[in-house]
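Only one chain is included here, represented as structure tokens and corresponding to the form predicted alone.
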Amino acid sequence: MSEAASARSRHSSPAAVPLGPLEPMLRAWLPRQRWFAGKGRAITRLRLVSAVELLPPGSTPGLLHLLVGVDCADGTADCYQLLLGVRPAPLPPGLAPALIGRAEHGPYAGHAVYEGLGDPRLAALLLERLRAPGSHGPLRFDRDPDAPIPADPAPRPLSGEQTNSSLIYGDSHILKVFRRVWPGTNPDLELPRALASAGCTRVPAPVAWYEAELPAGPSGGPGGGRRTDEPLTLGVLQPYLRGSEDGWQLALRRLAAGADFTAEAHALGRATAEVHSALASALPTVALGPAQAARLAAGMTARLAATVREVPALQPFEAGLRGAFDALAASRGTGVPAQRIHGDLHLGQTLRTADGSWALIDFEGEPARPLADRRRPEPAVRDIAGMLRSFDYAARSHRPFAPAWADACRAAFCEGYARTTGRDPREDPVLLRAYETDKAVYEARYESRHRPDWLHVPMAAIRRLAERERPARRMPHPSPPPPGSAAPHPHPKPPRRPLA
């Protein structure tokens, strides 16, 4: 029997495993993590929400599962999931980059505390827990009994820019570990399960997952002091699509080779439409009326105002951008359906599989938005606007800028979508422009915070979208040309993978 299978977990109350000895090192380590949402904010307090020892005391290595509340000086409060490895100091050389700190006192005195997901033995333990469902203190592990999960595949962390952490097991499965967590089912579990029930094969179906069930209380919980008895989704295991190509990287390679991408964009439009249709059949839909359209427009306007305060470069364009939202409010939204959607769709959230079809992944939505907002029905055009912006991002990464490539991909995507649903998203120009503007504003805020050297990309769209008197441009509807058609683009410098 494996170490992971034979181990028993111990749940400890916050009083039994105090955060005190770990707090100084976590306070310094958290802001440096890619997935930490509070960058630039002063941390005022760390709160221990839950602590579970997933290996018996004294095991080497030990694995400590924490839910830690982080309060910041601006009044925000978030909850983060941490999986900490504990070994006698010093760490083996292979784990040295994962070091968080050395405990000088308390129950872990003399031990090195490190990021546990980088330790293959501890990563294997997580998979073993998912293979054998059950509860460990407040943690509950569950799985689809009909989906096989192999034993003891070699784990490896997924590299790259992520707002969470992912582990690949062999070549069969991938586990997404959510870092910033909220009470309520995460859409990245909820929506793929609904799509699997509807028979949609465009999204890998979850095979296992784990959650935390915490007692409701007036303070100290993950809701920042709000009472809640909803479970927190902590991780989802799905099939790993071996041999698949990341849509963003594929688009960049086509650009670099001067090759056409409209056939792929057309097929991706059809795949997106299939997912939207399956979500609409599996989950409730609503029709937007004047009140809902006004609320959408007000939310977009508020986000714009907050972003202008943070990103001064937007100030000259604020009035023009607000015009797109005013037009949405004036349209009254009559007859526009709203449904569950992906919520953060772009080329980096797509995979072209080994058989040449497209799959959509990462249904978490925009991590910066509250979970309740991400679970609210919205017009499907929000996803479409995100993908249209993504084609622009790819073209802007090219030197020189390749606007014709972006326009052709945008048109092909919309045509592919229309061929599946019977309705071209460009037939709703007011709604599409509002959502594309909202997305560009979001991108400007993101790039200003995290990658200032990319700010010029959304700013180019900001300038275009702010032209209030410019009529909505009707893009052509060409049939997708045969794969391999070439356009004379020079090679770009390879960028980092962007947000959109």
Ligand SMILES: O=P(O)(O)O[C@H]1O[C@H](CO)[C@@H](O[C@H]2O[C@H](CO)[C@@H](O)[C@H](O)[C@H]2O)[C@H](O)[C@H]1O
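The shown structure was predicted, so the numbers you read here are calculated from the model rather than taken from an experiment. In case it trips you up, residue 1 is the first one in the sequence shown, and so on.
Missing here is the form predicted in complex with this ligand; even so, the following discussion is about that form.
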| item | value |
| --- | --- |
| Open or blocked: site for this ligand, pose in the predicted bound form superimposed, 2.4 Å backbone/C-beta cut-off, 3-atom minimum | blocked |
| 4.5 angstroms heavy atom contact with this ligand in the predicted bound form for residue 358 | no |
| Residue 367 within 4.5 Å of this ligand in the predicted bound form, heavy atoms | yes |
| Distance check, residue 325 to this ligand in the predicted bound form, heavy atom within 4.5 Å | no |
| Residue 454, heavy atom within 4.5 angstroms of this ligand in the predicted bound form | yes |
| Selected contact from 415, 362, 264, 378, since only one has a non-hydrogen atom within 4.5 angstroms of this ligand in the predicted bound form | 362 |
| Candidate from 346, 382, 340, 129 lying within 4.5 Å of this ligand in the predicted bound form - any heavy atom | 346 |
| Stretch in contact, per heavy atom within 4.5 angstroms of this ligand in the predicted bound form, of 63-71, 22-30, 47-55, 439-447 | 439-447 |
| Candidate site 136, 141 and 209: all three near this ligand in the predicted bound form by heavy atom within 4.5 Å | no |
| Stretch 366-402 - residues with a heavy atom within 4.5 Å of this ligand in the predicted bound form | 367, 386, 389, 390, 393 |
